[in-house]
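What follows is a single chain, given as C-alpha coordinates, in the form predicted on its own.
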(Lines give C-alpha, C1' and ligand atoms only; values in the text may rest on other atoms or scores of the structure.)
Protein backbone atom coordinates (compact mmCIF):
# COMPACT_ATOMS: atom_id res chain seq x y z
CA UNK A 1 0.00 0.00 0.00
CA UNK A 2 1.19 3.51 -0.77
CA UNK A 3 1.95 5.86 2.10
CA UNK A 4 -1.22 7.49 3.41
CA UNK A 5 -2.23 9.81 6.24
CA UNK A 6 -5.31 10.18 8.39
CA UNK A 7 -5.90 13.44 10.25
CA UNK A 8 -8.82 14.24 12.56
CA UNK A 9 -9.34 16.61 15.50
CA UNK A 10 -9.98 15.63 19.08
CA UNK A 11 -13.71 14.91 19.10
CA UNK A 12 -15.96 15.42 22.12
CA UNK A 13 -19.30 13.76 21.36
CA UNK A 14 -22.47 13.42 23.37
CA UNK A 15 -25.70 14.96 24.54
CA UNK A 16 -24.92 18.13 26.48
CA UNK A 17 -21.25 18.21 25.45
CA UNK A 18 -21.51 21.94 24.66
CA UNK A 19 -20.85 22.52 28.35
CA UNK A 20 -17.20 21.54 27.84
CA UNK A 21 -16.46 24.38 25.41
CA UNK A 22 -14.92 26.63 28.07
CA UNK A 23 -12.61 23.90 29.34
CA UNK A 24 -11.55 23.15 25.78
CA UNK A 25 -10.66 26.79 25.16
CA UNK A 26 -8.69 27.02 28.41
CA UNK A 27 -6.66 23.96 27.44
CA UNK A 28 -5.39 26.00 24.48
CA UNK A 29 -4.48 29.02 26.56
CA UNK A 30 -7.59 31.11 25.88
CA UNK A 31 -7.81 34.49 27.52
CA UNK A 32 -9.91 36.16 24.83
CA UNK A 33 -11.91 33.97 22.45
CA UNK A 34 -12.88 35.15 18.98
CA UNK A 35 -16.40 33.77 18.65
CA UNK A 36 -17.92 33.30 15.18
CA UNK A 37 -21.55 32.52 14.43
CA UNK A 38 -24.64 33.78 12.60
CA UNK A 39 -28.08 35.24 13.24
CA UNK A 40 -29.92 31.93 12.94
CA UNK A 41 -27.83 30.32 15.68
CA UNK A 42 -28.30 33.46 17.79
CA UNK A 43 -32.09 33.28 17.42
CA UNK A 44 -32.07 29.61 18.41
CA UNK A 45 -30.33 30.62 21.65
CA UNK A 46 -27.12 28.66 21.15
CA UNK A 47 -24.77 31.66 20.90
CA UNK A 48 -25.96 32.95 24.27
CA UNK A 49 -25.68 29.47 25.75
CA UNK A 50 -22.07 29.28 24.54
CA UNK A 51 -21.32 32.75 25.90
CA UNK A 52 -22.66 31.61 29.28
CA UNK A 53 -20.37 28.57 29.19
CA UNK A 54 -17.38 30.81 28.44
CA UNK A 55 -18.32 33.22 31.21
CA UNK A 56 -18.57 30.34 33.71
CA UNK A 57 -15.01 29.39 32.72
CA UNK A 58 -13.79 32.98 33.23
CA UNK A 59 -13.05 33.53 29.55
CA UNK A 60 -13.59 36.84 27.76
CA UNK A 61 -14.77 36.88 24.16
CA UNK A 62 -15.25 39.07 21.12
CA UNK A 63 -18.22 38.16 18.95
CA UNK A 64 -18.11 38.28 15.14
CA UNK A 65 -21.59 37.72 13.63
CA UNK A 66 -20.56 38.50 10.05
CA UNK A 67 -21.50 35.11 8.61
CA UNK A 68 -23.87 34.50 5.71
CA UNK A 69 -24.84 31.33 3.89
CA UNK A 70 -22.04 30.43 1.45
CA UNK A 71 -19.51 32.75 3.18
CA UNK A 72 -17.93 35.41 1.00
CA UNK A 73 -14.25 36.25 0.67
CA UNK A 74 -14.72 39.82 1.94
CA UNK A 75 -16.53 38.59 5.09
CA UNK A 76 -13.55 36.41 5.93
CA UNK A 77 -11.08 39.22 5.33
CA UNK A 78 -13.11 41.66 7.46
CA UNK A 79 -13.24 39.06 10.20
CA UNK A 80 -9.46 38.63 10.16
CA UNK A 81 -8.98 42.37 10.66
CA UNK A 82 -11.42 42.28 13.58
CA UNK A 83 -9.57 39.31 15.10
CA UNK A 84 -6.18 41.05 14.92
CA UNK A 85 -7.55 44.37 16.18
CA UNK A 86 -8.87 42.71 19.35
CA UNK A 87 -5.79 40.62 20.22
CA UNK A 88 -7.68 37.34 20.44
CA UNK A 89 -5.91 34.03 21.00
CA UNK A 90 -8.39 31.21 20.30
CA UNK A 91 -10.99 31.00 17.53
CA UNK A 92 -14.28 29.37 18.46
CA UNK A 93 -17.19 28.88 16.07
CA UNK A 94 -20.69 27.55 16.57
CA UNK A 95 -22.91 26.86 13.59
CA UNK A 96 -23.13 24.97 10.35
CA UNK A 97 -20.61 24.86 7.54
CA UNK A 98 -20.88 28.59 6.82
CA UNK A 99 -19.89 29.66 10.33
CA UNK A 100 -17.14 27.09 10.64
CA UNK A 101 -15.67 27.82 7.21
CA UNK A 102 -15.77 31.55 7.94
CA UNK A 103 -13.81 30.89 11.13
CA UNK A 104 -11.26 28.81 9.22
CA UNK A 105 -10.84 31.54 6.62
CA UNK A 106 -10.35 34.13 9.36
CA UNK A 107 -7.70 31.92 10.96
CA UNK A 108 -5.83 31.61 7.66
CA UNK A 109 -5.72 35.35 6.96
CA UNK A 110 -5.01 36.33 10.57
CA UNK A 111 -1.90 34.15 10.67
CA UNK A 112 -0.76 34.15 7.02
CA UNK A 113 -1.91 37.51 5.64
CA UNK A 114 -2.97 38.31 2.08
CA UNK A 115 -6.34 37.53 0.53
CA UNK A 116 -8.26 34.30 1.00
CA UNK A 117 -8.07 33.51 -2.72
CA UNK A 118 -4.28 33.25 -2.30
CA UNK A 119 -4.86 29.92 -0.57
CA UNK A 120 -7.21 28.24 -3.04
CA UNK A 121 -6.21 24.66 -3.76
CA UNK A 122 -4.20 22.22 -1.66
CA UNK A 123 -1.42 22.83 0.87
CA UNK A 124 -0.88 26.54 0.28
CA UNK A 125 -1.13 27.65 3.93
CA UNK A 126 2.41 27.89 5.30
CA UNK A 127 2.10 29.30 8.84
CA UNK A 128 0.37 27.68 11.82
CA UNK A 129 -3.17 28.84 12.62
CA UNK A 130 -4.56 29.97 15.97
CA UNK A 131 -6.11 27.18 18.06
CA UNK A 132 -9.64 26.40 16.84
CA UNK A 133 -12.51 24.91 18.85
CA UNK A 134 -15.64 24.23 16.77
CA UNK A 135 -19.19 23.32 17.78
CA UNK A 136 -21.30 22.06 14.89
CA UNK A 137 -25.05 22.71 14.83
CA UNK A 138 -25.73 20.44 11.84
CA UNK A 139 -25.07 16.81 10.96
CA UNK A 140 -23.56 17.21 7.54
CA UNK A 141 -21.09 19.90 6.56
CA UNK A 142 -18.09 18.20 8.17
CA UNK A 143 -16.18 21.44 8.56
CA UNK A 144 -15.77 20.71 12.26
CA UNK A 145 -13.75 17.59 11.37
CA UNK A 146 -12.19 18.20 7.99
CA UNK A 147 -9.15 19.88 6.46
CA UNK A 148 -11.44 21.61 3.93
CA UNK A 149 -12.62 25.22 3.86
CA UNK A 150 -15.11 26.45 1.22
CA UNK A 151 -15.29 30.22 0.60
CA UNK A 152 -17.09 32.03 -2.22
CA UNK A 153 -14.91 34.18 -4.47
CA UNK A 154 -17.45 36.89 -5.25
CA UNK A 155 -15.64 38.25 -8.31
CA UNK A 156 -15.45 34.85 -10.03
CA UNK A 157 -18.76 33.59 -8.57
CA UNK A 158 -17.22 30.26 -7.52
CA UNK A 159 -16.83 28.41 -4.26
CA UNK A 160 -13.11 28.00 -3.63
CA UNK A 161 -11.81 24.78 -2.09
CA UNK A 162 -8.99 25.40 0.37
CA UNK A 163 -7.43 22.18 1.67
CA UNK A 164 -4.62 21.82 4.19
CA UNK A 165 -3.90 19.78 7.31
CA UNK A 166 -3.71 22.96 9.40
CA UNK A 167 -7.46 23.52 8.84
CA UNK A 168 -8.35 20.51 10.98
CA UNK A 169 -9.66 22.11 14.20
CA UNK A 170 -7.95 21.32 17.47
CA UNK A 171 -11.23 20.22 19.05
CA UNK A 172 -14.64 19.42 17.58
CA UNK A 173 -17.61 19.37 19.96
CA UNK A 174 -20.62 17.46 18.62
CA UNK A 175 -23.74 17.82 20.77
CA UNK A 176 -26.76 16.04 19.22
CA UNK A 177 -29.12 18.03 21.46
CA UNK A 178 -28.51 21.05 19.21
CA UNK A 179 -30.10 19.24 16.26
CA UNK A 180 -33.50 19.42 17.95
CA UNK A 181 -33.77 23.09 16.97
CA UNK A 182 -33.07 22.44 13.28
CA UNK A 183 -35.77 22.67 10.61
CA UNK A 184 -36.81 19.64 8.58
CA UNK A 185 -35.20 21.16 5.50
CA UNK A 186 -31.87 21.65 7.24
CA UNK A 187 -31.86 18.14 8.69
CA UNK A 188 -32.42 16.69 5.19
CA UNK A 189 -29.90 18.95 3.44
CA UNK A 190 -27.22 18.29 6.06
CA UNK A 191 -27.67 14.52 5.96
CA UNK A 192 -27.61 14.46 2.16
CA UNK A 193 -24.41 16.51 2.26
CA UNK A 194 -22.85 13.90 4.56
CA UNK A 195 -24.11 11.12 2.28
CA UNK A 196 -22.44 12.74 -0.75
CA UNK A 197 -19.23 13.12 1.27
CA UNK A 198 -19.27 9.43 2.17
CA UNK A 199 -20.02 8.15 -1.34
CA UNK A 200 -17.47 10.34 -3.13
CA UNK A 201 -14.80 9.62 -0.53
CA UNK A 202 -15.37 5.86 -0.88
CA UNK A 203 -14.72 5.85 -4.63
CA UNK A 204 -11.98 8.50 -4.50
CA UNK A 205 -8.64 7.74 -6.14
CA UNK A 206 -6.93 8.26 -2.77
CA UNK A 207 -9.34 6.36 -0.52
CA UNK A 208 -7.55 4.17 2.00
CA UNK A 209 -8.31 1.37 4.49
CA UNK A 210 -8.67 4.13 7.08
CA UNK A 211 -11.33 6.07 5.17
CA UNK A 212 -13.32 3.31 3.48
CA UNK A 213 -14.98 1.81 6.60
CA UNK A 214 -15.99 5.32 7.71
CA UNK A 215 -17.66 5.95 4.35
CA UNK A 216 -19.70 2.76 4.41
CA UNK A 217 -20.73 3.29 8.05
CA UNK A 218 -21.95 6.80 7.26
CA UNK A 219 -23.97 5.64 4.24
CA UNK A 220 -25.62 2.92 6.32
CA UNK A 221 -26.52 5.23 9.22
CA UNK A 222 -28.00 7.91 6.97
CA UNK A 223 -30.08 5.48 4.92
CA UNK A 224 -31.47 3.88 8.10
CA UNK A 225 -32.09 7.01 10.19
CA UNK A 226 -32.93 10.03 8.04
CA UNK A 227 -36.61 9.19 7.51
CA UNK A 228 -37.26 8.70 11.22
CA UNK A 229 -35.25 11.80 12.13
CA UNK A 230 -37.43 13.89 9.80
CA UNK A 231 -40.74 12.28 10.71
CA UNK A 232 -40.37 11.97 14.49
CA UNK A 233 -37.41 14.18 15.48
CA UNK A 234 -36.29 11.20 17.52
CA UNK A 235 -33.19 12.18 19.47
CA UNK A 236 -31.82 8.68 18.94
CA UNK A 237 -32.13 9.11 15.15
CA UNK A 238 -30.62 12.60 15.25
CA UNK A 239 -27.72 11.24 17.28
CA UNK A 240 -27.12 8.53 14.65
CA UNK A 241 -27.06 11.23 11.95
CA UNK A 242 -24.43 13.08 14.00
CA UNK A 243 -22.31 9.93 14.15
CA UNK A 244 -22.78 9.47 10.39
CA UNK A 245 -21.65 13.03 9.73
CA UNK A 246 -18.49 12.50 11.77
CA UNK A 247 -17.72 9.25 9.95
CA UNK A 248 -18.31 10.82 6.53
CA UNK A 249 -16.15 13.78 7.49
CA UNK A 250 -13.28 11.56 8.60
CA UNK A 251 -13.50 9.88 5.21
CA UNK A 252 -13.69 12.85 2.88
CA UNK A 253 -11.23 14.96 4.86
CA UNK A 254 -8.58 12.35 4.16
CA UNK A 255 -9.73 10.83 0.86
CA UNK A 256 -11.08 14.03 -0.74
CA UNK A 257 -14.14 14.08 -3.00
CA UNK A 258 -14.98 13.95 -6.70
CA UNK A 259 -16.67 15.45 -9.73
CA UNK A 260 -20.02 15.87 -8.00
CA UNK A 261 -18.54 18.23 -5.43
CA UNK A 262 -16.49 19.98 -8.10
CA UNK A 263 -19.75 20.76 -9.91
CA UNK A 264 -21.52 21.65 -6.66
CA UNK A 265 -18.82 24.22 -5.84
CA UNK A 266 -19.19 25.94 -9.20
CA UNK A 267 -22.99 25.75 -9.31
CA UNK A 268 -23.25 26.93 -5.71
CA UNK A 269 -20.91 29.83 -6.34
CA UNK A 270 -22.78 30.95 -9.45
CA UNK A 271 -26.30 30.58 -8.07
CA UNK A 272 -25.64 31.01 -4.32
CA UNK A 273 -26.97 27.55 -3.43
CA UNK A 274 -25.99 25.26 -0.59
CA UNK A 275 -24.53 21.81 -1.22
CA UNK A 276 -27.55 20.18 0.38
CA UNK A 277 -29.79 21.53 -2.39
CA UNK A 278 -27.51 20.36 -5.20
CA UNK A 279 -26.62 16.81 -4.09
CA UNK A 280 -30.04 15.16 -4.65
CA UNK A 281 -29.94 16.60 -8.17
CA UNK A 282 -26.40 15.60 -9.15
CA UNK A 283 -25.19 12.72 -7.02
CA UNK A 284 -26.75 9.70 -8.72
CA UNK A 285 -25.97 11.03 -12.20
CA UNK A 286 -22.30 11.40 -11.28
CA UNK A 287 -22.38 7.90 -9.74
CA UNK A 288 -23.66 6.49 -13.04
CA UNK A 289 -20.93 8.41 -14.89
CA UNK A 290 -18.29 6.88 -12.61
CA UNK A 291 -19.75 3.37 -12.46
CA UNK A 292 -17.60 1.60 -15.05
CA UNK A 293 -14.42 2.96 -13.44
CA UNK A 294 -15.21 1.54 -9.99
CA UNK A 295 -17.81 -1.21 -10.34
CA UNK A 296 -16.63 -3.16 -7.29
CA UNK A 297 -16.75 -0.13 -5.03
CA UNK A 298 -20.12 1.00 -6.36
CA UNK A 299 -21.37 -2.51 -5.62
CA UNK A 300 -20.16 -2.14 -2.03
CA UNK A 301 -22.23 1.05 -1.78
CA UNK A 302 -25.18 -0.72 -3.42
CA UNK A 303 -25.05 -3.56 -0.88
CA UNK A 304 -25.21 -1.08 1.98
CA UNK A 305 -28.12 0.84 0.42
CA UNK A 306 -30.08 -2.29 -0.54
CA UNK A 307 -29.06 -4.38 2.46
CA UNK A 308 -28.57 -7.28 0.06
CA UNK A 309 -26.44 -8.53 -2.82
CA UNK A 310 -27.79 -9.08 -6.33
CA UNK A 311 -26.51 -11.33 -9.13
CA UNK A 312 -23.43 -9.34 -10.09
CA UNK A 313 -21.44 -6.36 -8.86
CA UNK A 314 -22.73 -4.19 -11.70
CA UNK A 315 -26.34 -5.18 -11.06
CA UNK A 316 -25.95 -4.48 -7.34
CA UNK A 317 -24.31 -1.13 -8.06
CA UNK A 318 -26.95 -0.02 -10.55
CA UNK A 319 -29.86 -1.06 -8.34
CA UNK A 320 -28.23 0.75 -5.40
CA UNK A 321 -28.08 3.95 -7.45
CA UNK A 322 -31.72 3.51 -8.50
CA UNK A 323 -32.70 2.99 -4.85
CA UNK A 324 -30.85 6.17 -3.92
CA UNK A 325 -32.95 8.04 -6.51
CA UNK A 326 -36.07 6.70 -4.77
CA UNK A 327 -34.66 7.71 -1.40
CA UNK A 328 -34.17 11.32 -2.51
CA UNK A 329 -37.63 11.37 -4.10
CA UNK A 330 -39.18 10.41 -0.75
CA UNK A 331 -38.26 13.84 0.63
CA UNK A 332 -39.52 17.26 -0.34
CA UNK A 333 -36.35 18.29 -2.21
CA UNK A 334 -35.63 19.48 -5.77
CA UNK A 335 -34.54 16.68 -8.09
CA UNK A 336 -33.85 18.74 -11.24
CA UNK A 337 -31.69 21.79 -11.86
CA UNK A 338 -34.60 23.61 -13.49
CA UNK A 339 -36.35 23.59 -10.12
CA UNK A 340 -33.64 25.76 -8.57
CA UNK A 341 -32.14 27.59 -11.59
CA UNK A 342 -34.02 29.97 -13.88
CA UNK A 343 -34.32 28.87 -17.50
CA UNK A 344 -32.56 32.08 -18.59
CA UNK A 345 -29.55 31.02 -16.51
CA UNK A 346 -29.10 27.72 -18.35
CA UNK A 347 -26.58 29.55 -20.54
CA UNK A 348 -24.20 29.66 -17.56
CA UNK A 349 -23.82 25.89 -17.43
CA UNK A 350 -20.95 25.75 -19.92
CA UNK A 351 -18.72 28.29 -18.09
CA UNK A 352 -19.69 26.63 -14.80
CA UNK A 353 -18.44 23.27 -16.07
CA UNK A 354 -15.27 24.85 -17.44
CA UNK A 355 -14.67 26.20 -13.92
CA UNK A 356 -15.58 22.92 -12.22
CA UNK A 357 -13.16 20.82 -14.25
CA UNK A 358 -10.29 22.69 -12.56
CA UNK A 359 -11.68 22.24 -9.04
CA UNK A 360 -9.25 20.27 -6.87
CA UNK A 361 -12.02 17.74 -6.04
CA UNK A 362 -12.16 16.68 -9.67
CA UNK A 363 -8.59 15.37 -9.41
CA UNK A 364 -9.64 12.50 -7.14
CA UNK A 365 -12.75 11.50 -9.07
CA UNK A 366 -12.41 7.81 -10.07
CA UNK A 367 -12.99 8.65 -13.73
CA UNK A 368 -11.35 11.58 -15.49
CA UNK A 369 -14.03 14.10 -16.36
CA UNK A 370 -13.76 16.79 -19.05
CA UNK A 371 -15.82 19.95 -18.92
CA UNK A 372 -17.88 18.60 -21.81
CA UNK A 373 -18.70 15.47 -19.80
CA UNK A 374 -19.61 17.57 -16.79
CA UNK A 375 -21.89 19.64 -19.02
CA UNK A 376 -23.57 16.45 -20.26
CA UNK A 377 -24.26 15.47 -16.63
CA UNK A 378 -25.81 18.89 -15.95
CA UNK A 379 -27.94 18.66 -19.08
CA UNK A 380 -29.21 15.21 -18.07
CA UNK A 381 -30.43 16.56 -14.73
CA UNK A 382 -31.79 19.84 -16.11
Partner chain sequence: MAPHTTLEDLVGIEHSKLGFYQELQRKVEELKTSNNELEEKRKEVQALLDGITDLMVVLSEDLKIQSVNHVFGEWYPEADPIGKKCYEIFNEGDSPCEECPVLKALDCDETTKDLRIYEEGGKLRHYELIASPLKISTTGERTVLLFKRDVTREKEFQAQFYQAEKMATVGTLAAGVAHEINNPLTAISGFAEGLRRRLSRIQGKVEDDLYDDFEEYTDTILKECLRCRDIVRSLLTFSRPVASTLRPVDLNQCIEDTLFILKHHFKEQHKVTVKTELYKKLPMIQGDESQLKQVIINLFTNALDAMDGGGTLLVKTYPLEDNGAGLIVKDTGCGIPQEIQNKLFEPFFTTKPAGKGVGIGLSTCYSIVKNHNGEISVSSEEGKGSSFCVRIPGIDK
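Residue numbers count along the first chain shown, from 1. Keep in mind that what you see is a predicted model, and the values were worked out from it rather than measured.
Here the subject shifts to the form predicted in complex with its partner chain, a form of this protein not shown in this document.
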Spell out, yes or no, whether the shortest heavy atom distance between residue 189 and its partner chain in the predicted complex is within 4.5 Å.
no
Using a 4.5 Å heavy atom cut-off, state whether residue 170 contacts its partner chain in the predicted complex. yes
- Task: Give a yes or no for residue 17: in the predicted complex, does one of its heavy atoms lie within 4.5 Å of a heavy atom belonging to its partner chain?
- Result: no
Check: Can any non-hydrogen atom of residue 128 be found within 4.5 angstroms of its partner chain in the predicted complex?
Finding: yes
Testing 273 to 281, 213 to 221, 156 to 164, 70 to 78 against its partner chain in the predicted complex with a 4.5 Å heavy atom criterion leaves exactly one stretch, namely 156 to 164
Contact with its partner chain in the predicted complex, heavy atom within 4.5 Å, among 132, 241, 298, 150 goes to 132
Exactly one of 115, 288, 205, 233 comes within 4.5 Å of its partner chain in the predicted complex through a heavy atom, and that residue is 205
When its partner chain is considered in the predicted complex, the residues of 343 to 382 having a heavy atom within 4.5 Å of it are 360, 363, 364
